[in-house]
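Shown next as structure tokens: one chain only, the form predicted alone.
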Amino acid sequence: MTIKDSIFEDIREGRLKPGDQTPSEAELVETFKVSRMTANRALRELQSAGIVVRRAGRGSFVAEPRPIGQLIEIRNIADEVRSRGHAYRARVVHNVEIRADAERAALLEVGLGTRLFHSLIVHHETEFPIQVEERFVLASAAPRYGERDFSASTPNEYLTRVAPLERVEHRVCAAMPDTGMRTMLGLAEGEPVLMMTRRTWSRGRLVSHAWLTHPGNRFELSAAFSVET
């Protein structure tokens, strides 16, 4: 039996469950009497197939079933994760007040020097980072945004309350992440991401511009709608 077949069988028979650590390269070398290169290749192929995820310095783990995010419906990511029966947590990298420079002013269609908030948050499902949320928010529309503890509640929850949604724009693309993004999402070099750009309006003005970045091999987006005839 090959390494891949053995791990597949362990998963199928329930001996390995989502989130469990798989045997290390050294253990695979010893068990299957193969070279380290062969063991490494088997794990890389399992990773490419979405069966395992690899964490630098920690090893390989059985992948969770691929989460499905809602593309059209604006849902709170914490609620999505919990609806799948998994634990949710967030790590706030920063949440600061800034003044709009030319680039940020263009994002939110405001004048130079306008007060904005800039937040960067890593959302986790069980132990795995599933989304990096970078968001610019118009301070006049959500004046207490910079004071919020977004490890306890999400930006979506707060903005839905203080700036009720009236319009949204989405754009989704695949991309290769830079080093900082790879680190936050725990990705190996060469792994792609799925990036959603989301702009939202409330009370006739653009109030938020966000980039929602997901691991490309562990996440998919879906949408369903009815068509009137």
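Numbers follow the displayed sequence, beginning with 1. What we label the rigid core is the largest C-alpha set whose atoms superpose within 1.5 Å from one form to the other. As the structure is a prediction and not an experimental result, all values here were calculated from the model.
The same protein also has a form predicted in complex with the DNA, omitted here; what follows describes it.
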Checklist entry - Of S48, T197, T38, T160, which one comes within 4.5 Å of the DNA in the predicted complex, counting heavy atoms only? => result T38
Item to check | Heavy atom within 4.5 Å of the DNA in the predicted complex - residue from R167, R58, R203, R171 | outcome: R58
Checklist entry - Wondering, does V34 line up within 4.5 Å of the DNA in the predicted complex on heavy atoms? => result yes
Item to check | R54 within 4.5 Å of the DNA in the predicted complex, heavy atoms | outcome: yes
Checklist entry - Core-aligned, does N40 move its Cα 2 Å or more between the shown form and the other one? => result yes
Next on the checklist: With a threshold of 2 Å on the C-alpha, tell me if T160 counts as moved between the shown form and the other one once the core is superposed.
Outcome noted: no
Next on the checklist: Checking A56 here: with the core superposed, does its CA move 2 Å or more between the shown form and the other one?
Outcome noted: yes
